[in-house]
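In structure tokens, one chain follows: the form predicted alone.
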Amino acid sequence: MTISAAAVAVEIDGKCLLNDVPLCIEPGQIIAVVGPNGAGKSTLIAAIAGDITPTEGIIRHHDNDLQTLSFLDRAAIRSVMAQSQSVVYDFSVLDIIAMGWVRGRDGESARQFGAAVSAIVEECAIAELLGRTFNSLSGGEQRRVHFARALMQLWRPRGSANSAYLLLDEPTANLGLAHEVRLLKKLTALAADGIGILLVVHDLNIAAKFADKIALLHSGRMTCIGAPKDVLTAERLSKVFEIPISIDPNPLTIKYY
């Protein structure tokens, strides 16, 4: 059971944003997507989520063509945290978290809902935000609440099989160090429980430390994908990012300033 992209291309307003991109996300695997601005990272996340339709190629969710799945079917398979998620109406923080709940409204689901909220609020350390309205929060606080909403969609009772996927576009943006570390540790725990994770991240050292695989994009193409030590080489990164980059191999550390 995987999410896979085969020869995916995306063209918008005459501009090619992705070109012949392959990708396969396995359960329990963290793939970090890295690359310079305009490389196609956010477009790749949006295409795999089903938010935009590829011009060419095919994306499969559990062997089903993404384009044949309903919105609810997609929601049962993957949860998405986009780079920018503005909220016009001034919902409460609890309202935003509840938007991730896709498991029904019967009596048993209602009981599970309460357990899920309690667990996720604790895991994300956002109890002090529950009495706030979303638009009163700082940028970093809003990111933490959106992460909680994304986790709410994936929540299952303890012991349940979980072959879902989490797609994240710059989840650590605007986070303080403590919350950044908490989020990354949570992703590691989710992967250990069988969740497949695809995340866009700008910090190459975060990618090196937490990802099982690195997907390096440049000008809409997949330059390289593989283990961090194989992808993150000084020659390749210096060429793609157009600055001198050096590598310390043990532990793998990327230096660029």
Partner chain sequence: MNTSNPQAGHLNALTTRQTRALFGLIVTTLVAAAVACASGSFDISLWALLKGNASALEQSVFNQIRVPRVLLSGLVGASLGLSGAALQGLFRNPLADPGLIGVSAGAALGAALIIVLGSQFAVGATLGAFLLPVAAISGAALVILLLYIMTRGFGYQGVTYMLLVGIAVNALASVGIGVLTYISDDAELRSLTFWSMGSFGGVTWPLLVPALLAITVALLMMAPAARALDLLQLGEVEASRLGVDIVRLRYRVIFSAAAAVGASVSLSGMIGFVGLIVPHLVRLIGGVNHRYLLPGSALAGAGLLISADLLARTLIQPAELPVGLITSAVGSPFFLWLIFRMQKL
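Residue numbers count along the first chain shown, from 1. Bear in mind the structure is a predicted one, so any value in this text is a computation, not a measurement.
Here the subject shifts to the form predicted in complex with the partner chain, a form of this protein not shown in this document.
Asker: Heavy atom within 4.5 Å of the partner chain in the model of the complex: which of 174, 136, 85, 163?
Answerer: Contact with the partner chain in the model of the complex is made by 85 alone.
Asker: Would the partner chain in the model of the complex be within 4.5 angstroms of a non-hydrogen atom of every residue among 210, 224 and 242?
Answerer: Checking in the model of the complex: none of 210, 224 and 242 is within 4.5 Å of the partner chain.
Asker: Hey, in the model of the complex, is residue 142 touching the partner chain, heavy atoms inside 4.5 Å?
Answerer: Looking in the model of the complex, residue contacts with the partner chain do not include residue 142, since no heavy atom lies within 4.5 Å.
Asker: May I ask you to state whether residue 155 is within 4.5 Å of the partner chain in the model of the complex, using heavy atom distances?
Answerer: No, residue 155 is distant from the partner.
Asker: In the model of the complex, is there a heavy atom of the partner chain that lies within 4.5 Å of any heavy atom of residue 94, even though the partner is absent here?
Answerer: Looking in the model of the complex, residue contacts with the partner chain include residue 94, since a heavy atom lies within 4.5 Å.
Asker: Could you tell me if residue 90 has a non-hydrogen atom within 4.5 Å of the partner chain in the model of the complex?
Answerer: Judged by the heavy-atom cut-off of 4.5 Å, residue 90 is in contact with the partner chain in the model of the complex.
Asker: Looking at the partner chain in the model of the complex, which residues in 52 to 80 have at least one heavy atom within 4.5 Å of it?
Answerer: Sequence-ordered list: 71, 72, 75, 78, 80.
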